[in-house]
Structure formats: C-alpha cells, structure tokens
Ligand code: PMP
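Only one chain comes next, encoded as structure tokens, the form predicted alone.
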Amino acid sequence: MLRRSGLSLGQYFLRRKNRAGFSWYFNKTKMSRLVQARRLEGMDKNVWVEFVKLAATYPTVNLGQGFPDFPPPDFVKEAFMKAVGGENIMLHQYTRAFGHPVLVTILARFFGKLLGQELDPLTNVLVTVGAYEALFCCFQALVDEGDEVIIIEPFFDCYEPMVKMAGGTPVFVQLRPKAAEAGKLMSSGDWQLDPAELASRFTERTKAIVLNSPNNPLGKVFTRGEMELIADLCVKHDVLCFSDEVYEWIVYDGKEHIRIASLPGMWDRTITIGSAGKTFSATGWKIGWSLGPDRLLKHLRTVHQNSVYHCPTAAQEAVAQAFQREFDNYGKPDSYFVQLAQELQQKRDWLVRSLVAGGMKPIVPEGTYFLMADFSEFKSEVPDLPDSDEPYDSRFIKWMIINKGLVSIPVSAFYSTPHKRNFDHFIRFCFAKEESTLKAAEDILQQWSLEKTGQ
C-alpha cells in the first residue's frame, strides 16, 4: 500500500499548534459575500414545513395537511401497477417532455368537451409536476417586473411568494363574510367579493388575476354570476386569468363548478390548472396540468423545459388510463368523480357535527375537502400576546397539537401580512380522512368540551 507523504496545509498548522495561522487560513477561505438571491428575501418561512414537523413530533390526529389518509380507488392503483409491472419497458424511460402522449390526448378530449373547445393535445395541454409546478410556470412565464397580480383572499399560500419571485406585485382583494341566516351555520357561500372593491384593483399595471374555485381554505364555489363579474373585468382590462381548479370534482349540495375559461372572451386569456393528486386521491404522484391557448402555453413550456423538463412516465400512463375510465363513465353513478363527492360530503357533515358539539363554529364548505372553523370560544386556553409577531391562530394550534393531540392549519397563513390579524380566530381542518381518523378527532373535541364545562 502506498502512503501519502507530506502533510496537508491544515495538518501542518495543527501540528505546529499555530492557532493564528490556522485561523487566518480558514477565515481567508470562508465565503463572505451574500449568496442568497434577492428574490428569495422573506420567502424562507413555510407553514407546511413547520406544522408537518410538529405533527410528526407529537402523537396526533392529523386534520392539517391536505391529503387523504385512504388509498386511491382500485382502478387507479391497478393502472399504476400495470404501468410499472407490464412489458412496456418504455414506461420506465423518458417520455415526451410536455406530456405523455396518451395523457395529453385524453386530457384534450375530456376537458375540450367541458370547455366547449377543440383542444390540440400537443399545443393546448402541458403536463407538470403537480398543480404546484403549473402555477410556478404561469408566474415565471407570464409575470414580469412591475406587473400587478390580483389575489383573492383567503388564498392558497404559494400564490404570493410565486408572484414576488417572478418580480410581480401582489394586489389583494378579500372575500368578505356576510351574516348567516338566523339559526343556521355560516356557509362558504356567505363570503363574497364586493364588486366595486374588485373593480378598483384592476389598473393599467394589472397583468393577471388568480382564481381558485373551489377555494382552499374556505371551500367557496364561485357562482356563475361571480365568475361573470371577474370575466367581464378581465376582458375590459385585457388581463390574464390563472384559474386553479384542482378541487373541480369536489363540490357539494348540488353546487355547480363553473370553468371560467368556458365563459365568453375568456378562453384566449385563461390558463386552467388541474391536479391528478386531488382528482384521484393520489397526491404523492405529483401529476398536474395546464390547459390554455398555445399563445400562452408556449411560454409555460419554455419554463418547464428549462427547469423540471419531464414528469414521471409511469404515473402519467396510469393517470391517462384512469381518465379514460372516467371519460367512459362521465356523469354515471359508477363515475369515481360522482362517488368521491358523495363520500366526502358525508365526511364533511360528520366533522361539522363534531366541531359544533365541541364548541367551535364551522363554516360549511360548498367544495374542497377543507373547512374553516371559528375557535373564538377557546381563546381562554391560550393567552393572547398582542406584541407577538406570530398570529394567534398559529400559537393556538401549536398549543393544541402538544396538549390535545389535534392538528389543523392556521387560516392566517392564507392571508397577506396586513390582514392576518383580522382572521386569526379561524383554523382550517381537512376531512379527507378515514372514518377512524374522524372518530378520533371527534373524541378529542368531545373530551375537550367536557373539560371546558367542568364535567
């Protein structure tokens, strides 16, 4: 064996115990210049990272992060197993960068019918790594320095940082709650835009509006009238619309999901975003898509090809087969989309009853698998700290996780900084859970209520 002769520079300094020399050497080699890009300033905090870690640290019932704790339907799992275990070896290799051919073909057929458009699979459909990447591509491709982007509050938390990373300026407009009818729980439909306030947000600098219907975290399903109001303003001011429709199949009580791209004047200015994870209860697959005119999608393709480039082939194949089944069963009782909404409505109603019995005031959602609840009656549990930078709902949930073993998400995370304090008496629950999970949450709330009343 050959031994390396001589000492390294570090060893030399250590051997001679020359502390000054050692310190001088390492200080000289340590990088001192700022390494963080300016566009990342203020973006390091993330509600999901913080609360997912807490949920994993303590024994909890997790109604926080939005994913089902039940499996995808059998036909979806079987399609994936066939893709990875079958004889087609090419399903283990790269496929078309902008979307697996069979997937973009069925997406074009399926959504073309719903949007009233003849979609070209190659130019009107882009497959992305989940809806998250689709959103990122929208902002990076179509928002420039100085552009304003209207965001409706409450909003899914990634919209604001994505706008800022693209150099744009977020402009906020709130859904404002109206009093519920006497003796009734408040509904997500009671939260509405003020038409004059919305119109005032459109300026010559407005490039786009982000629309999320059904809305996360509120569960609001925008009515046709509300959609038409937004569409008219987009057309009037020549503004783009990024329509996040990942919960499009999860609507309740006979409500109708309106696709804004289907309204007059909107196809040519709208990017419609969808998610296989939400559609087929397989969030870990991370398959999403964007639909829209080629004049817009070609710029998203440029971002995609120079960042992610490609999505997993086998997962795309499985999603394609799943959509083909749903295309054949569309509107029929056997449709998974029909069955999913029915099952989740029952889970929604169960959680609503549990929260009411426990002393909270839920806002009954018209869509999604989330609901917001007012926990004002529980504020005596955790003292308020007016001088704290952390919103009250965030501190309350941390206390609830540690002391009660129940996880939710602070609603203040879905508001801009100036408005967080106005809504920090709400928390968000996810009810896309097994019956055993919902029962465990019900038991916690029931016991908590008994403790509060001294029983």
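Keep in mind it's a predicted model, so treat the numbers as computed, not measured. Counting begins at 1, following the sequence as shown.
One more form of this protein exists, namely the form predicted together with the ligand; it is left out here, but the text below deals with it.
Residue contact check for L107: none of its heavy atoms lie within 4.5 Å of the ligand in the predicted complex. Although the partner is absent here, K286 is a contact residue: one of its heavy atoms lies within 4.5 angstroms of the ligand in the predicted complex. Residue contact with the ligand in the predicted complex: Q316 places no heavy atom within 4.5 Å of it. Contact check for G130: a non-hydrogen atom falls within 4.5 Å of the ligand in the predicted complex. For the residues S354, S188, T270, S275, the 4.5 Å heavy atom test against the ligand in the predicted complex is passed only by S275. Just one of V143, A261, L135, I209 comes within 4.5 Å of the ligand in the predicted complex, counting any heavy atom, and that one is L135.
Contact check at 4.5 Å (heavy atoms) against the ligand in the predicted complex: none of W249, Y252 and E326 pass. The stretch in contact with the ligand in the predicted complex, judged by heavy atoms within 4.5 Å, is 154 to 162, chosen from 308 to 316, 154 to 162, 92 to 100, 291 to 299.
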